[in-house]
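A single chain, nothing else alongside it, follows as structure tokens in the form predicted on its own.
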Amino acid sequence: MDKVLSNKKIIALYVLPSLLLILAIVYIPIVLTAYYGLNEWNGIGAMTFVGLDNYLALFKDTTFWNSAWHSLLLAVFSGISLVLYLIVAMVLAARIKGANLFRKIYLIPMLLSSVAIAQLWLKIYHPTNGVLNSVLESLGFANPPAWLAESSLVLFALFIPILWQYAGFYILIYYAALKNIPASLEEAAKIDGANALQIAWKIKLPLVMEVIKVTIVLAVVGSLKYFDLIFVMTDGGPNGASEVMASYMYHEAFRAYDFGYGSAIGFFLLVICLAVTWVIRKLTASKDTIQYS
């Protein structure tokens, strides 16, 4: 027994630094953010306790709810794009010629910083000499739109580089999961007369479903708290048309110097992400055993 207790102490001693690090960089900041949201504070002077005023003000803030709607749209588009990523991964995993080259090409955007990607797409979307409008003009479109300056287009124009940026990440995850499927299963299905579509739907898809569930959570929650590329490309403009929750939190805290309200937005964003994660897990929950007919 003494030896067991001794081992447990050693195990705890090894785990303790990691626990302290997680406590310092995750849980303590969450608690402090929730506390700052209870105060009126400009980030420098003394804090004034205002209770739940900042949190209650969120429910009346139309700008916040507009930004929440934009984040939700991005999350929906990110979730839908996973279907395309999975299809591409299935094609690459089917031993096509040049699969390794395509896999590396798709991963390139992940190797670039968000700032570099933003600068690249700013040149693509430039209203006068951008690549996209130059192509449209050559095709006969006389007045192509200013993609990042029109409120009705800017949000969807931003979705394209965001989804492009993370395409390689999800394709690589799906590719690795598909390559782990035993080749004997596919060969047995072919012997039984199954075509490529039936193999993909009846064999590959169920076997990678747990991976798909994880990527849904990653894509949706990541989209809800997305910030950097939107901040660089449009800074939430024009007139808040591309404002998302994270960028609105930044503007309130670091530009309006209302750290109390900005902290309330940040904590509420955390609650939304946790709630969405819980909902996704409930919706995608399955039994431990799967019966095949």
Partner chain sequence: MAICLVLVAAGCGKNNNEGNSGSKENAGVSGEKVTVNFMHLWPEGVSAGQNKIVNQIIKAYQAEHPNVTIKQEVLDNEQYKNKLKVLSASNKLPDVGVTWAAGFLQPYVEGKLFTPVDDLLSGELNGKFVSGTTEAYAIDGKTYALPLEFNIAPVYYNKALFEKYNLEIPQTYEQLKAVAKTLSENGIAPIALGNKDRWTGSLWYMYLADRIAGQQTLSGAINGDGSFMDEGLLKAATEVQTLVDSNAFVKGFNGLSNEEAKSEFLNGKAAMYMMGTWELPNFTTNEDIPKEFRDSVGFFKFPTVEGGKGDINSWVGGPGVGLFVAENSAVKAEAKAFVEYFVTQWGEQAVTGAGVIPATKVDTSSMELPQLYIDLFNEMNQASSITLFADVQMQASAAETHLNMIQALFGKAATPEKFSEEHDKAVSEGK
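In this text the structure is predicted, and so the values were computed from the model without any measurement. Residue numbers count along the first chain shown, from 1.
Although it is not shown, the form predicted in complex with its partner chain is what the next lines describe.
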Open item on the list: Contact check in the predicted bound form: Leu19, Tyr35 and Gly260 versus its partner chain, with a cutoff of 4.5 Å between any heavy atoms. Do all three pass?
Closed with: no
Open item on the list: Taking 4.5 angstroms as the heavy atom distance cut-off, pick the stretch from 177-185, 78-86, 142-150, 101-109 that is near its partner chain in the predicted bound form.
Closed with: 142-150
Task: in the predicted bound form, the residue from Met47, Val232, Val50, Ala57 that sits within 4.5 Å of its partner chain by heavy atoms - done: Val232
TODO: Work out which of Thr128, Ser138, Asn195, Ser113 lies within 4.5 Å of its partner chain in the predicted bound form, going by heavy atoms.
DONE: Thr128
Open item on the list: Contact with its partner chain in the predicted bound form for Asn66, defined as at least one heavy atom pair within 4.5 Å: yes or no?
Closed with: no
Open item on the list: Check Ile30 for me: does it contact its partner chain in the predicted bound form (non-hydrogen atoms, 4.5 angstroms)?
Closed with: no
- [ ] Considering only heavy atoms, tell me if Leu122 and its partner chain come within 4.5 Å of each other in the predicted bound form.
- [x] yes
Open item on the list: Is Ala256 near its partner chain? Define near as a heavy atom within 4.5 Å, in the predicted bound form.
Closed with: yes
- [ ] Give, in sequence order, every residue of 236-254 that has a heavy atom within 4.5 Å of its partner chain in the predicted bound form, or say none if there are no such residues.
- [x] Gly237, Pro238, Asn239, His251, Phe254
